[in-house]
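In the block that follows, a single chain appears as C-alpha cells, in the form predicted on its own.
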C-alpha cells in the first residue's frame, strides 16, 4: 500500500493527533489548502467529491496533483475522494490520481454496505489506493427530518467491527452525533460510543465528517477517544464566499480583474486551513 493519505492517517494514530481533510472545488481553494499545509510543514488531506469531478470536467485531478507537486514540496499531502457512492465513482477517482477513496454506502443495509465496500477494497488495493468506508448516518440539512432519532442512525460499534473485519477497509467514517453542513448536531456527541468503536478497532483510523464547527475541548476529547481526521468543507466554503461577497460589494464594483477578488478569497481560506491544522495537532 503506497497511499499517502493512509500514511498520514496512520502517523496521526501513532502520535495520538488528527489531521484535517479539506474539500476543494477550484484552483484558489486548492492552492490555499496546499500552501497552508506547506507553510506550516504539517500534513493534511485534500479531497474532492464526484460532483466536483463533474463540475471541473474531470480536470480537478490534474489541478490538485500539480499543485501538490509544485506548492507542497515541504510536507506530505494526500488526495482523497470524498463520498463516492458507486464503483464508477471510485474508478474515476483513481484514474484522476487520488490515492484514497471513500465508498459511502452508509444508507444501505449493513450487508449491502459490506458487499459494495468489499468490491471497492479489492479494486482499490490492487492499485495501491486506500479505502474509507462509512457506517452510521451523518445527516444533511434537507435530507433528514430535524427531529431525527440519533440512537437509530449513529454507528453501532459491533457492526463497525464486522464491516472492517469482513472488508479489510483502511479507515472508517463514523456517526456519533455529528452532522453535515448546517444540520443541527446532537446536543452532546456520544463519547461512550466513540470510545467503544475505538476499542473494537484500535488499528483503524476513524474519521469525523461534518466537523467544520468542532473546536476547543470538543476536538481534544474527540482525538483523545480515537478520531484521527476531521473533514472540513463548510468552513472552507464560508471563508471563500465571504471574501468574495465582501470584495465584490458596491464600493468595489470597479474591480474588473477576477484575480484581485480570488486572491483575497484564497488568502482567507488559507488562514482557516492553517488554524484547523494547528488545532488538530493540539497547537
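This structure is a prediction, so every number in the text was calculated from the model and none was measured. Positions refer to the first chain, counted from 1.
We do not show the form predicted together with 1,3-dihydroxyacetonephosphate, though everything after this point is about it.
Contact with 1,3-dihydroxyacetonephosphate in the predicted complex, defined as a heavy atom within 4.5 Å, is made by all three of 82, 212 and 231.
In the predicted complex, none of the heavy atoms of residue 164 sits within 4.5 Å of a heavy atom of 1,3-dihydroxyacetonephosphate. 1,3-dihydroxyacetonephosphate is not drawn, but in the predicted complex it has a heavy atom within 4.5 Å of residue 180.
Within 4.5 Å of some heavy atom of 1,3-dihydroxyacetonephosphate in the predicted complex lies at least one heavy atom of residue 47. Heavy atoms within 4.5 Å of 1,3-dihydroxyacetonephosphate in the predicted complex are found in one stretch of 217 to 225, 31 to 39, 233 to 241, 56 to 64, which is 233 to 241.
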